[in-house]
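First come two forms of one protein chain, each written alone as structure tokens, so that there is a structure 1 and a structure 2.
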Structure 1
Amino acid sequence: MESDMSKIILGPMDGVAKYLPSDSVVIITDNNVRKYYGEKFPNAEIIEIEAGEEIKTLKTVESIYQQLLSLEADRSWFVLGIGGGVVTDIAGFVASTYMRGIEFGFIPTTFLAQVDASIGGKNGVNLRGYKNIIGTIRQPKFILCDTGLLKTLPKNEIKNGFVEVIKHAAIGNAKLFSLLEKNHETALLLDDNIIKKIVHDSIKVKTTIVKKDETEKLERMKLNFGHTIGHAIEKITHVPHGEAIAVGMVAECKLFSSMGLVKSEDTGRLENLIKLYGLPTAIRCMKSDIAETIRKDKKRRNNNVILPVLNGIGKCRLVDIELNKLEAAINDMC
């Protein structure tokens, strides 16, 4: 698959050598991924970090800069990030800032990273509890997705990754949505043909949107479907991101259904699909807490929020809504 921004390749990891534009390559990976797949890595220097979201800090970034200096890495070097979303975020940020930016590429190894996190050029780290508050938007040279790597992932990681796939299908590809409905069993078992198609189509939805709007002026906001309420739920209940967004997508649809903006039939299909993938569609938490968290989140902007609203399955539009109205609607929701 070609895009203006990055070359996106579906293929085996051991074929990566032909995409490397330089002989001087440094791999950034985490200890887990290296344990599983280190033997398949191309010949290169390796900088290893620990696994986990807690490592996404400026401290880790500084330590990587120091190791790059020790390696005497200059602008001709190429950074290859091999790992999940944490690794690709850090590797992309380091490469975008070291010596004012050197080239980089990714081999995303989690389902979430393949279908979502590594795509789109956003990368960065957390600071004082603010997620991705420091970062850059810069596109990797290539993203190589090897679906064979997904076999070693815990079941929960797969399930949670499907949430963003369902999101992409709902906002941008009705055929993918039907495919997910029809093939949920084989998809969850990571059947190679199905999963390749799913990863391909999911990436396509995201890149098409990002291409129109790299820096999130408007179009890119469509990718926030389910994330306004979902992020609030994630903050309040600390459930995994995927689960929170699954609930968020259904809640947003129901909310807009009650305003007459979304057909209840579409909400029903979405709810059903989420269930087929073993994901939650509702969660116990105070509606007033959700409204309050959204208000706090958006405070820095103004009194309106722009929300993606399904225009039937596979299509989506952006609606500008007053925060007060949104809060009232959330409180009225049953």
Structure 2
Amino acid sequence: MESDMSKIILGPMDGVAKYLPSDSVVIITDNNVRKYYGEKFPNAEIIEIEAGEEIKTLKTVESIYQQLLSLEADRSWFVLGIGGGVVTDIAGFVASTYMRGIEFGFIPTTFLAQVDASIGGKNGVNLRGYKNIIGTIRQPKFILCDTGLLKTLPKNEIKNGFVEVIKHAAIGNAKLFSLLEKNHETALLLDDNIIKKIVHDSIKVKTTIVKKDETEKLERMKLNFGHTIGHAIEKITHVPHGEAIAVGMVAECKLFSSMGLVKSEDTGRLENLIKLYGLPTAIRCMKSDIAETIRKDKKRRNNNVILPVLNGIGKCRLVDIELNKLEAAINDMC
């Protein structure tokens, strides 16, 4: 499959031209990214969308299809998504479905997109507030990560990106987890050497899992750690994605700790690391709303949901749990 580490390049954004396989390129980006980085874009047609999670809809996708038709784009064209997770999701979904699929690549411009959102081939849009409920799994030709772009991001964006790094370390790399603990100050300052290693090692955890299970039959579900409760919190409270997942990871660990499935010391270590990066570990919301939202989660299988459970720091296993039992445990915890 095409999610090999060799397809993920750590390098400058303005060097992307040598990786483009076609002379006919259309860039999909948002207005903010174009304003800040437009001068670094390669020579290509540009389709600009608004910024923000609220535009990740089928309406936006239809508008892009119409613009591609106006450009007379055919199957020889190449789509280059330049932006954060919203842009890469939309660009990948459009490319995967336009004319039954054309090639595409990404230049993720946010920390969250570099370490997670652009990696793995999942591309989708939201429907009525339910995240990524409509989507495809198709791998990009390449992903170019320019860590220099991160220095222009607000601090909150950096903190939210670290959530997925912490997740990857917790489920798949104990050494990365320790590095994050010992170097949190320099990491938050985006020290060049530290941040490049963090991005590389975080990506490696995800691609290793994806290569084993591209279409999420089982193994890939480990990447959902913190996301079942986290997505419910995000939908209910509208807090940023990273903050919701941070709370979700801690909540799921505490939940399974109460069931005797996770060691309390591992839960405590995860909670402390999340706090070191200035992220929340709890939030006020209605337990009934969380349970109801989980019932509509795309990860549900009939009356069960498969959830990742930490098997020590750096290791993870999957547990198949009945929704009724999960809801009862959430009620007890809340």
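Each form is matched to the other, and the largest set of C-alpha atoms that superpose within 1.5 Å is called the rigid core. Because the structure is a prediction, the values reported are computed rather than measured. Numbering for residues begins at 1 and runs along the sequence of structure 1.
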{"item": "Form predicted on its own - structure 1 or 2", "value": "2"}
{"item": "Angle, in °, that the smaller rigid part sweeps relative to the larger one between the two structures", "value": "10"}
{"item": "Value in Å for the CA shift of E252 between the two structures, taken after the core is superposed", "value": "2.5"}
